[in-house]
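As C-alpha coordinates, one chain now follows by itself in the form predicted on its own.
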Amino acid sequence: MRGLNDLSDLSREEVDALIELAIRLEHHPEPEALAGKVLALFFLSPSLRTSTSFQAAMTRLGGGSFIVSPESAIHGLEFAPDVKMDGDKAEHIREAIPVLASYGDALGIRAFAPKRSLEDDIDDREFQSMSALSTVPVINMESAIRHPCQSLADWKTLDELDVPSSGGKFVLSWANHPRALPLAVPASTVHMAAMRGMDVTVLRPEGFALPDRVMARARRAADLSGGSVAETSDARDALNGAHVVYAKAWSSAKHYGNDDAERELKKDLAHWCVTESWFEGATPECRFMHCLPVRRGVVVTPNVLEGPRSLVIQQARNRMWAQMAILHSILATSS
(Lines give C-alpha, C1' and ligand atoms only; values in the text may rest on other atoms or scores of the structure.)
Protein backbone atom coordinates (compact mmCIF):
# COMPACT_ATOMS: atom_id res chain seq x y z
CA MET A 1 0.00 0.00 0.00
CA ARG A 2 1.38 3.38 -1.03
CA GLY A 3 0.11 5.67 1.71
CA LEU A 4 -3.50 6.28 2.75
CA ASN A 5 -5.45 9.37 1.79
CA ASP A 6 -9.06 8.21 1.99
CA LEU A 7 -10.99 5.02 2.72
CA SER A 8 -12.68 5.37 -0.66
CA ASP A 9 -9.30 4.78 -2.32
CA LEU A 10 -9.57 1.17 -1.10
CA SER A 11 -11.84 -1.59 -2.33
CA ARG A 12 -14.11 -3.42 0.11
CA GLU A 13 -11.73 -6.37 -0.11
CA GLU A 14 -8.78 -4.15 0.79
CA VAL A 15 -10.64 -2.72 3.79
CA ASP A 16 -11.51 -6.22 4.98
CA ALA A 17 -7.86 -7.25 4.57
CA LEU A 18 -6.67 -4.30 6.66
CA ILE A 19 -9.12 -5.13 9.42
CA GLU A 20 -8.06 -8.78 9.36
CA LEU A 21 -4.44 -7.64 9.64
CA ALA A 22 -5.34 -5.35 12.55
CA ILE A 23 -6.98 -8.28 14.35
CA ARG A 24 -3.98 -10.50 13.67
CA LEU A 25 -1.52 -7.92 14.99
CA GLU A 26 -3.71 -7.40 18.05
CA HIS A 27 -3.62 -11.10 18.97
CA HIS A 28 -0.30 -12.11 17.42
CA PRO A 29 2.15 -9.22 17.80
CA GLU A 30 5.05 -8.67 15.41
CA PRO A 31 7.43 -6.57 17.56
CA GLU A 32 10.19 -6.55 14.93
CA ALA A 33 8.07 -6.01 11.81
CA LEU A 34 9.15 -2.37 11.39
CA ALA A 35 12.57 -2.51 13.03
CA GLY A 36 14.67 0.34 11.69
CA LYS A 37 11.69 2.17 10.19
CA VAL A 38 10.83 5.75 11.15
CA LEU A 39 7.44 7.49 10.99
CA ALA A 40 7.48 11.28 10.75
CA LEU A 41 4.37 12.87 12.27
CA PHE A 42 3.47 16.43 11.25
CA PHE A 43 0.66 17.99 13.29
CA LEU A 44 -0.78 21.30 12.12
CA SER A 45 -3.79 20.82 14.39
CA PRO A 46 -4.06 19.47 17.95
CA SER A 47 -4.27 15.80 18.79
CA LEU A 48 -4.42 13.38 21.70
CA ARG A 49 -5.51 9.98 20.33
CA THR A 50 -4.00 10.38 16.86
CA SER A 51 -0.55 11.36 18.08
CA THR A 52 -0.32 8.80 20.88
CA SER A 53 -1.92 5.92 18.95
CA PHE A 54 0.48 6.35 16.01
CA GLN A 55 3.49 6.48 18.34
CA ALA A 56 2.25 3.41 20.21
CA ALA A 57 1.60 1.60 16.92
CA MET A 58 5.15 2.21 15.68
CA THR A 59 6.65 1.15 19.01
CA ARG A 60 4.62 -2.09 19.09
CA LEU A 61 5.87 -2.89 15.58
CA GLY A 62 9.50 -2.21 16.50
CA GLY A 63 9.88 1.11 14.68
CA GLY A 64 10.37 4.68 15.82
CA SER A 65 8.57 7.98 15.34
CA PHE A 66 8.92 11.70 15.96
CA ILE A 67 6.39 14.55 16.13
CA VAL A 68 6.71 18.07 14.78
CA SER A 69 4.13 20.81 15.30
CA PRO A 70 4.34 24.57 14.71
CA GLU A 71 3.68 25.28 18.38
CA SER A 72 6.62 23.22 19.58
CA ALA A 73 9.21 23.21 16.83
CA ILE A 74 8.64 25.85 14.16
CA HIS A 75 9.06 29.60 14.36
CA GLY A 76 6.09 30.44 12.17
CA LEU A 77 5.02 28.43 9.13
CA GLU A 78 4.20 30.04 5.78
CA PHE A 79 1.87 28.42 3.23
CA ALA A 80 1.45 31.11 0.56
CA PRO A 81 3.28 30.02 -2.63
CA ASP A 82 4.60 33.43 -3.67
CA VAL A 83 5.38 35.60 -0.71
CA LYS A 84 8.29 37.65 0.56
CA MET A 85 8.99 36.20 4.00
CA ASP A 86 9.95 39.39 5.80
CA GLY A 87 7.51 38.95 8.68
CA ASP A 88 7.24 36.61 11.68
CA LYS A 89 7.11 33.34 9.71
CA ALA A 90 10.53 31.75 9.31
CA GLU A 91 9.72 28.35 7.74
CA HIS A 92 7.92 27.60 4.48
CA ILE A 93 5.83 24.50 3.96
CA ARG A 94 7.64 23.83 0.67
CA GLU A 95 10.85 23.15 2.58
CA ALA A 96 9.35 21.80 5.81
CA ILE A 97 7.58 18.77 4.32
CA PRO A 98 10.46 17.57 2.08
CA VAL A 99 12.82 17.85 5.06
CA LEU A 100 10.52 15.84 7.35
CA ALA A 101 9.99 13.27 4.60
CA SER A 102 13.74 12.86 4.24
CA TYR A 103 13.96 11.79 7.90
CA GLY A 104 11.20 9.16 7.77
CA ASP A 105 10.04 6.18 5.78
CA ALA A 106 6.45 7.48 5.86
CA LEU A 107 4.90 10.82 6.76
CA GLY A 108 1.66 11.38 8.65
CA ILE A 109 0.01 14.78 8.21
CA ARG A 110 -2.84 16.21 10.26
CA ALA A 111 -4.28 19.56 9.22
CA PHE A 112 -7.79 20.82 9.95
CA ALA A 113 -9.80 22.74 7.38
CA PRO A 114 -8.68 26.32 6.69
CA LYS A 115 -12.44 27.13 6.34
CA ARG A 116 -11.84 29.90 3.83
CA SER A 117 -13.80 28.13 1.07
CA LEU A 118 -16.20 25.20 1.36
CA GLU A 119 -15.42 24.01 -2.17
CA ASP A 120 -11.66 24.15 -1.57
CA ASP A 121 -12.05 22.17 1.64
CA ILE A 122 -14.27 19.53 0.03
CA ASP A 123 -11.58 19.23 -2.65
CA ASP A 124 -9.02 18.97 0.18
CA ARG A 125 -6.77 21.33 -1.73
CA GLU A 126 -4.43 22.30 1.11
CA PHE A 127 -3.82 18.72 2.19
CA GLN A 128 -3.29 17.54 -1.38
CA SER A 129 -0.77 20.30 -2.03
CA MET A 130 1.16 19.30 1.09
CA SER A 131 1.04 15.60 0.22
CA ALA A 132 2.49 16.35 -3.20
CA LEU A 133 5.64 17.71 -1.54
CA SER A 134 6.47 14.41 0.18
CA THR A 135 8.91 11.91 -1.27
CA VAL A 136 7.66 9.09 1.01
CA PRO A 137 4.19 7.56 1.51
CA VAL A 138 1.75 9.94 3.20
CA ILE A 139 -0.90 8.95 5.75
CA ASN A 140 -3.86 11.27 6.19
CA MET A 141 -4.26 11.72 9.95
CA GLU A 142 -7.24 14.07 9.35
CA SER A 143 -7.60 16.71 6.71
CA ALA A 144 -10.31 19.20 5.82
CA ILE A 145 -12.73 16.52 4.61
CA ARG A 146 -11.19 13.09 5.36
CA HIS A 147 -10.31 11.01 8.42
CA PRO A 148 -9.61 7.51 7.07
CA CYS A 149 -7.81 6.24 10.20
CA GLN A 150 -10.83 7.03 12.38
CA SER A 151 -13.16 5.39 9.85
CA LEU A 152 -11.09 2.21 9.68
CA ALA A 153 -11.07 1.95 13.48
CA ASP A 154 -14.83 2.55 13.58
CA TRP A 155 -15.39 -0.17 10.97
CA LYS A 156 -13.34 -2.60 13.10
CA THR A 157 -15.39 -1.62 16.15
CA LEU A 158 -18.67 -2.32 14.36
CA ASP A 159 -17.35 -5.71 13.23
CA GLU A 160 -16.33 -6.63 16.77
CA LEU A 161 -19.85 -5.96 18.06
CA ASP A 162 -21.40 -7.91 15.17
CA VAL A 163 -23.37 -4.81 14.17
CA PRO A 164 -25.04 -5.94 10.93
CA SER A 165 -23.82 -4.43 7.70
CA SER A 166 -26.67 -5.46 5.43
CA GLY A 167 -29.85 -4.21 7.10
CA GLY A 168 -28.06 -2.49 9.96
CA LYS A 169 -29.35 1.02 10.66
CA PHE A 170 -26.64 3.60 11.31
CA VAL A 171 -27.65 7.08 12.49
CA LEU A 172 -25.09 9.87 12.17
CA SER A 173 -26.50 12.66 14.31
CA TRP A 174 -25.48 16.28 14.49
CA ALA A 175 -24.89 17.42 18.05
CA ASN A 176 -24.64 20.79 19.72
CA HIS A 177 -21.19 22.30 20.30
CA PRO A 178 -19.91 25.75 21.26
CA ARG A 179 -17.55 25.81 18.27
CA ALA A 180 -18.02 25.44 14.52
CA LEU A 181 -16.27 22.11 13.96
CA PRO A 182 -14.78 20.66 10.73
CA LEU A 183 -16.56 18.31 8.33
CA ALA A 184 -13.89 15.59 8.17
CA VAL A 185 -15.35 13.15 10.70
CA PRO A 186 -19.02 13.36 9.63
CA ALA A 187 -18.09 13.21 5.93
CA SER A 188 -15.84 10.19 6.50
CA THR A 189 -18.29 8.48 8.85
CA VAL A 190 -21.32 8.67 6.56
CA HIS A 191 -19.17 7.31 3.73
CA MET A 192 -17.71 4.52 5.92
CA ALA A 193 -21.13 3.30 7.05
CA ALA A 194 -22.47 3.46 3.48
CA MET A 195 -19.42 1.61 2.14
CA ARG A 196 -19.95 -1.07 4.82
CA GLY A 197 -23.46 -1.64 3.40
CA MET A 198 -25.54 -0.15 6.19
CA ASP A 199 -28.76 1.85 5.95
CA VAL A 200 -27.46 5.28 6.94
CA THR A 201 -29.55 8.19 8.15
CA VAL A 202 -28.03 11.63 8.70
CA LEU A 203 -30.02 13.30 11.46
CA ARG A 204 -29.57 17.06 11.69
CA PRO A 205 -31.48 20.27 12.41
CA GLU A 206 -32.40 22.70 9.66
CA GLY A 207 -29.34 24.57 8.39
CA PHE A 208 -26.91 21.74 9.13
CA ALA A 209 -27.35 19.48 6.13
CA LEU A 210 -24.07 17.98 5.00
CA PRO A 211 -22.83 19.39 1.67
CA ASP A 212 -24.43 17.91 -1.43
CA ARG A 213 -21.10 16.54 -2.67
CA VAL A 214 -20.52 14.70 0.61
CA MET A 215 -23.97 13.11 0.48
CA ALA A 216 -23.66 12.22 -3.20
CA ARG A 217 -20.36 10.46 -2.53
CA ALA A 218 -21.94 8.46 0.32
CA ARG A 219 -24.87 7.50 -1.90
CA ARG A 220 -22.51 6.20 -4.58
CA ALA A 221 -20.79 4.05 -1.94
CA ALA A 222 -24.18 2.76 -0.77
CA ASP A 223 -25.17 1.88 -4.34
CA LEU A 224 -22.08 -0.31 -4.62
CA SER A 225 -22.49 -1.98 -1.21
CA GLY A 226 -26.25 -2.51 -1.18
CA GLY A 227 -26.80 0.05 1.59
CA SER A 228 -28.75 3.28 1.56
CA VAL A 229 -28.34 6.92 2.62
CA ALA A 230 -31.10 9.23 3.82
CA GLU A 231 -31.25 12.58 5.59
CA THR A 232 -33.82 14.03 7.97
CA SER A 233 -34.47 16.42 10.83
CA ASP A 234 -37.08 14.06 12.34
CA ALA A 235 -35.36 12.43 15.32
CA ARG A 236 -38.16 9.97 16.07
CA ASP A 237 -38.13 8.60 12.52
CA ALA A 238 -34.34 8.52 12.30
CA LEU A 239 -33.79 6.72 15.60
CA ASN A 240 -36.54 4.13 15.13
CA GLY A 241 -34.88 0.71 14.80
CA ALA A 242 -31.35 2.14 14.97
CA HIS A 243 -28.41 -0.17 15.69
CA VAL A 244 -25.90 2.67 16.10
CA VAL A 245 -26.12 6.34 17.05
CA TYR A 246 -22.91 8.15 16.11
CA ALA A 247 -22.98 11.72 17.42
CA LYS A 248 -20.76 14.46 16.02
CA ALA A 249 -20.93 18.23 15.78
CA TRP A 250 -20.17 19.85 12.44
CA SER A 251 -20.26 23.26 10.81
CA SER A 252 -23.18 24.60 8.85
CA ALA A 253 -22.38 24.45 5.14
CA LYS A 254 -24.79 27.35 4.68
CA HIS A 255 -22.66 29.60 6.92
CA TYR A 256 -19.30 27.91 6.36
CA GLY A 257 -16.49 29.99 7.85
CA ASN A 258 -18.92 32.52 9.39
CA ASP A 259 -18.84 31.70 13.08
CA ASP A 260 -21.17 34.55 14.10
CA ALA A 261 -23.89 33.41 11.69
CA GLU A 262 -23.53 29.83 12.89
CA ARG A 263 -23.84 30.82 16.54
CA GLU A 264 -27.09 32.59 15.69
CA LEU A 265 -28.32 29.54 13.77
CA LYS A 266 -27.80 27.15 16.68
CA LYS A 267 -28.71 29.38 19.60
CA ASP A 268 -31.84 27.32 20.28
CA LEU A 269 -30.35 23.88 19.59
CA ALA A 270 -29.00 22.96 23.02
CA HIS A 271 -31.49 20.05 23.10
CA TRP A 272 -29.45 18.32 20.37
CA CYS A 273 -27.61 16.44 23.10
CA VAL A 274 -27.75 12.63 23.17
CA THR A 275 -29.63 11.36 26.22
CA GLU A 276 -30.91 7.90 27.11
CA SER A 277 -34.33 8.92 25.80
CA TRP A 278 -32.87 8.96 22.27
CA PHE A 279 -32.68 5.16 22.38
CA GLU A 280 -36.33 4.49 23.26
CA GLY A 281 -37.28 3.59 19.69
CA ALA A 282 -33.95 2.02 18.79
CA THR A 283 -33.06 -1.65 18.88
CA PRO A 284 -32.35 -2.99 22.40
CA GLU A 285 -28.68 -3.47 21.50
CA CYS A 286 -28.27 0.02 19.99
CA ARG A 287 -24.81 1.43 20.70
CA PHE A 288 -23.42 4.95 21.04
CA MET A 289 -20.32 6.04 19.14
CA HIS A 290 -18.21 9.21 19.09
CA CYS A 291 -14.67 9.81 17.86
CA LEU A 292 -13.58 11.85 20.94
CA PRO A 293 -12.89 14.35 22.37
CA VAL A 294 -16.47 14.91 23.43
CA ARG A 295 -18.15 17.73 25.36
CA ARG A 296 -19.97 16.08 28.27
CA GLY A 297 -23.44 17.47 28.86
CA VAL A 298 -23.33 19.27 25.51
CA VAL A 299 -22.92 16.52 22.90
CA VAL A 300 -23.94 13.61 25.13
CA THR A 301 -24.93 13.10 28.75
CA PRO A 302 -22.44 11.37 31.07
CA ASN A 303 -24.79 8.45 31.78
CA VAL A 304 -24.85 7.53 28.07
CA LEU A 305 -21.14 8.19 27.61
CA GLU A 306 -20.20 5.97 30.54
CA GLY A 307 -23.03 3.47 30.16
CA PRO A 308 -23.17 0.05 28.53
CA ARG A 309 -24.15 1.46 25.14
CA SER A 310 -20.97 3.49 24.78
CA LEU A 311 -18.20 2.31 22.45
CA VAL A 312 -15.99 5.40 22.68
CA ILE A 313 -13.05 3.75 24.50
CA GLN A 314 -13.18 0.71 22.23
CA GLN A 315 -13.15 3.04 19.20
CA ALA A 316 -10.14 4.89 20.56
CA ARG A 317 -8.26 1.66 21.31
CA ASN A 318 -8.98 0.42 17.81
CA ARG A 319 -7.29 3.49 16.39
CA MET A 320 -3.97 1.92 17.43
CA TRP A 321 -4.71 -1.53 15.97
CA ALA A 322 -6.06 -0.09 12.72
CA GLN A 323 -3.05 2.18 12.35
CA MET A 324 -0.71 -0.72 13.04
CA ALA A 325 -2.31 -2.49 10.06
CA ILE A 326 -1.89 0.62 7.90
CA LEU A 327 1.76 1.06 8.89
CA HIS A 328 2.48 -2.63 8.45
CA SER A 329 0.95 -2.58 4.96
CA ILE A 330 2.95 0.47 3.94
CA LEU A 331 6.31 -0.18 5.59
CA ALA A 332 6.75 -3.88 6.29
CA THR A 333 7.10 -4.71 2.61
CA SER A 334 8.95 -1.56 1.51
CA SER A 335 12.67 -1.59 0.89
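Note that this is a predicted model, so its numbers are computed, not measured. Residue numbers here begin at 1 and follow the sequence given.
Only in words, not in the display: the form predicted together with phosphoric acid mono(formamide)ester, which the text now covers.
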property: Contact of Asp121 with phosphoric acid mono(formamide)ester in the predicted bound form (heavy atom, 4.5 Å); result: no
property: Non-hydrogen atom contact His191 with phosphoric acid mono(formamide)ester in the predicted bound form at 4.5 angstroms; result: no
property: Residue contact check: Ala270 to phosphoric acid mono(formamide)ester in the predicted bound form, 4.5 Å heavy atom; result: no
property: In the predicted bound form, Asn140 touching phosphoric acid mono(formamide)ester (heavy atom, 4.5 Å); result: no
property: Answer option from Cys291, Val299, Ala40, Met58, heavy atom within 4.5 Å of phosphoric acid mono(formamide)ester in the predicted bound form; result: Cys291
property: Listed residue (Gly64, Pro46, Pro29, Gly281) with a non-hydrogen atom within 4.5 angstroms of phosphoric acid mono(formamide)ester in the predicted bound form; result: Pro46
property: Location of phosphoric acid mono(formamide)ester contact in the predicted bound form, chosen stretch of 232-240, 256-264, 203-211, 144-152 [non-hydrogen atom, 4.5 Å]; result: 144-152
property: Heavy atom contacts to phosphoric acid mono(formamide)ester in the predicted bound form at 4.5 Å, residues of 74-113 in sequence order; result: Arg110
